[in-house]
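This document starts with two versions of one protein chain, written out as structure tokens and named structure 1 and structure 2.
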Structure 1
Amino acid sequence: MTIRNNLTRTLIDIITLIVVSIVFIVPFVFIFLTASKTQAEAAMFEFSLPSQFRLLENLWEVIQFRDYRMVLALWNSFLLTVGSVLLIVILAAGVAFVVQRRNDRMASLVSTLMLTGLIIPPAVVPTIFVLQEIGLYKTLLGLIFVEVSIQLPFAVLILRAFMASIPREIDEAAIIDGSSPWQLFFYVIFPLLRPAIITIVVVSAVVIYNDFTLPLYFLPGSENVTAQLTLFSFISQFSSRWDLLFADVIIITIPPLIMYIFFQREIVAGLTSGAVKG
């Protein structure tokens, strides 16, 4: 009986391995192989080993392309991501702190607004109009504010759920010790929110870094290019350079991959607790 069980087990292992490999691993191997080929070979879309291994040359060519545009793009994406995430965490923590602790009419209004923000899509063209009026259209700062306003509801949702697990006695102790509202928030509550903050940092960073739609609308023009848009310019103008296109895919995937490797546990734990409860 146990032998048979073991056998079925192994069989299931093998079948899962085969299916998962075909469906999920082959596309990545394909990216890697194509990025390592010459221009002519890459254009054949074959799933084969390259006759000469040119991965490093291709990566280097992508980086140098149009006066190191890739470097500028990665820098812009870095500023966009870090700036947005910092603002999201600070603003959302403030909102979650008050919304969870108070239960007045204002708190339920704020909750409703956040839920609305989570569900309905942003009105992009009117946002362009607003940005133009205040002089932030086609600027990184403008895009940062837009990304913050879109990601804020998700961050508030996660932080509010987590905030509920921080006992009110902690607040009361701080109040008795004579702390001001800001001291209570920054020195007592904010550090305690750390696990939820890590989740938000990782998830929002990946989402904002990978975002393609909003930079497409809000940052037209080459001086403000972001990492995802470099890819776009390869498709439209150099559709024959599949080798470089996939080398570009590899370059822009490295930052989220590094984040994932560092924070794997926190993402999974935080995302699931937030998502399932929410």
Structure 2
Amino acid sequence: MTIRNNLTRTLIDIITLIVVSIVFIVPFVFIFLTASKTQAEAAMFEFSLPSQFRLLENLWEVIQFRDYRMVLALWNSFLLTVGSVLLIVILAAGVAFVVQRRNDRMASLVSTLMLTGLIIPPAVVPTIFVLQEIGLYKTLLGLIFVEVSIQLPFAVLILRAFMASIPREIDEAAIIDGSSPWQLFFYVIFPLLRPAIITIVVVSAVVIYNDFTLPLYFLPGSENVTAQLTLFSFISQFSSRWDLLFADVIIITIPPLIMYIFFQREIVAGLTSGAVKG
């Protein structure tokens, strides 16, 4: 019976490994091989080794394309991501602290609004009208506000669940020692939220950095290009540079991949700690 169970588990592991390889590894290998080919070989769109390994040349050509447009795009994506994530963390921590510690109608209303924000999709056209009226349309600051409003409900939900695991006795001890509400939040509660904050930082940063549609709607213009929008540069109606397109994909994949490698343990810890203790 034990041998049979071991064989079953081994078979399940092998099937899982094959499925994971097909879903994740094979597409990445195809992107890497295509980005390493010449223009003619890449146009054939075949899963084959390149006759000439031109990955570095293709990456450099992408960076130089249209007077180093990729560098500007990465800088805009960096400003968009850092600005949005910073606002999301500060606002979400404050909202979650108030909602979790208070048991009145206002806290219940705010909690309901946050849950509603997770369900209702963003209204693009009315938001564009609002940004035009306040002079923030086609600006990086306007897009930061849009990204924050979309990601804020998820961040509040995670922080609120994690904050429930922090004993209220800590609040009472800090107040007895003379802490004001602001001091209690910034010097006592906020540092304790580190695992959940790291989770929000990584998840929000990856989502915002990889966002394609919102920059397309709210940040048009060649000077406002973001990393994802550079994918348009190598596809046209009559010709496509698949070698440069996939080289572009490799470049814009590197920043979120590095972030995930460094913070993957903190992401899991932040997601599970609130669920276990709450």
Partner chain sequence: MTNKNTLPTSRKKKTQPATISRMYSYWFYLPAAIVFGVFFLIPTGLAFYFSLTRWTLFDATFIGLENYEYFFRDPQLLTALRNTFIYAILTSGSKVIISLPLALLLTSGLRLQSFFRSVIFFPVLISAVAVGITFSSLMQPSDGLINLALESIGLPQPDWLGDPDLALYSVIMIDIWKGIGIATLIFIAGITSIPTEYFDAASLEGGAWVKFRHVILPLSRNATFTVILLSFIGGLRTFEIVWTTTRGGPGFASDVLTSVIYKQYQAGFYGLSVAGNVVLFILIMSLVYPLMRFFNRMELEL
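By rigid core we mean the largest C-alpha set that fits within 1.5 Å across both forms. Structure 1's sequence is the ruler for residue numbers, which start at 1. Just so we're clear, the structure is a prediction, and the values are computed from it rather than from any experiment.
Here the chain taken from the form predicted in complex with the partner chain appears as structure 1, while structure 2 comes from elsewhere. Core-superposed comparison between the two structures: CA of Leu17 displaced by 2 Å or more.
Relative to the superposed rigid core, Thr8 shifts its CA by 5.5 Å between the two structures.
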